[in-house]
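Before any questions on how it binds or moves, here is one chain, the form predicted alone, in structure tokens.
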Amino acid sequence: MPTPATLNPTAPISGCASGRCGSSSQQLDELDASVTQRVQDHPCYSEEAHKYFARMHVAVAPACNIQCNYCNRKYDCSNESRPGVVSEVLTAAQAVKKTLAVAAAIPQMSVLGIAGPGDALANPERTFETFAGLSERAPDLKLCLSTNGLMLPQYVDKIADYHVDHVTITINCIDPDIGAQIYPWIFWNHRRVTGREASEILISQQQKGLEMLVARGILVKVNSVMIPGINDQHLKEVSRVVRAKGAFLHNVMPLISDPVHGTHFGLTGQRGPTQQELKALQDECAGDMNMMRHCQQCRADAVGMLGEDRGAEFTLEKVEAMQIDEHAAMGRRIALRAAINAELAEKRAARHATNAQVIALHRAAPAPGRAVRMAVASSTGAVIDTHFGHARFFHIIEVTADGVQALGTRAAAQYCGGEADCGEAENTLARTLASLADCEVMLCSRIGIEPWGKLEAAGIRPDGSHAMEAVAPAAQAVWQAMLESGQLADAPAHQRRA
């Protein structure tokens, strides 16, 4: 069993510099219970978890099927800390053995990921053989992978079969003209494709794969590299699109453009963003998406807490000499994980109680702001559980500082009746918009890009960020955000147009 020192979850063990991290608790506080449970011990998906839990990347995927102008893969490098770099490429059997050794020595380890040095799904046999071995011998570890998305639709079923619960897709653009400046070529259907055509194929595959993963309940994080002058302004639209399609988290990372790394962008003088530019873009994207702000842009063979790399302690030679009791090690990990999560749950409960007290004091004062009428896509009126395009009716509520009042329901023909006609029912959408003309917010579990834009143009703010949450607290949170941003100082849009 873990020693008392090991089981001290109140003292986070992290290699990150605090200045690079955002709030470690706010994100989890705002999630529903089911998602919180899935990310609470994943250091790459939770800013809170990265202070307590470790991760490991195994370098079993050397080949890549696209070329990025910001990437130069290295397979025997120990002195660079960036994606695409490893000290040694492993076979699946070596990766399983090394993972078991690391997980025995570092009981905080909760996640095993495959992130290169090439692309996990350009090396499917090695990737899934590794997952098969670990599913059998270390079933307590979360399995995740990162991919450029080119082959993602082909392997979504297999990803689900191995219970991979977290997938990261690198999506740098949704405009092929921008993509042509980032990707010189892709390898597709046994041939090299270049230019705009290459980007069109890649973007299509990425979006299709994202939708398929979300449909299977797999959490998706989207990584984007911020490249000033190329995609920096465009990434706001990327964030909006991937959020609408169900991505859980967006990680906007700075371009690493040091010429010493030998990348095309580095050698041609393409600069990376300043910290101020990066933060400004992350803040702008945060209006549509949960943002990851604690990324360390790890090596493809990183070991340990985020911000540290203990890979040198676990070379193949050293691992071969280790004696590992796999069952006992798994017991230690499970016990430590339970203790940490229990401690963090108590802290979250205390924060919620404090927030409730603040709200109570706030409500005792004269009520600020004005009433906001909202439409809710919900099957029962209690939980936001319905896609905008699938709703047969909308619950209409009015929200003030004092609470939420139900006003009734309004019928709505389904905008999206299936794959064949999804997005084509313009008349249906127009009628729905007319029936909701007095509403300022649309709360739904999901919504497509086209109706999102039409709602915004009609003065109705679409909001899918509270999917599967209870209606009343979600609506109150949206109202509070509108108040704090000054949106309630003016009359509703439909009154200003009258």
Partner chain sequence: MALEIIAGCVNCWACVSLCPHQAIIEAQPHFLIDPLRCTECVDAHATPQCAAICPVEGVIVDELGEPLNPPGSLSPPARVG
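Residue numbers count along the first chain shown, from 1. Here the structure is a predicted model, which means the values were calculated and not measured.
The same protein also exists as the form predicted together with the partner chain; that form is not shown, yet it is the one meant from here on.
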Do heavy atoms from each of Val89, Pro184 and Gln270 fall within 4.5 Å of the partner chain in the model of the complex?
yes
Since exactly one of Ala339, Ile230, Met212, Leu219 fits, which has a heavy atom within 4.5 Å of the partner chain in the model of the complex?
Ile230
Using a 4.5 Å heavy atom cut-off, which residue among Lys142, His264, Arg370, Lys97 comes into contact with the partner chain in the model of the complex?
His264
Answer with yes or no whether Arg126 is in contact with the partner chain in the model of the complex, where contact means some heavy atom within 4.5 Å.
yes
Going by a heavy atom distance of 4.5 Å, is His327 a contact of the partner chain in the model of the complex?
no
Taking the shortest heavy atom distance, is Lys347 within 4.5 Å of the partner chain in the model of the complex?
no
When the contact criterion is heavy atoms within 4.5 Å, does Ala470 count as touching the partner chain in the model of the complex?
no
Could you tell me which of 461-469, 55-63, 443-451, 427-435 sits within 4.5 Å of the partner chain in the model of the complex, going by non-hydrogen atoms?
55-63
Just give me the residues of 188-224, first to last, that have a heavy atom within 4.5 Å of the partner chain in the model of the complex.
His190, Arg191, Arg192
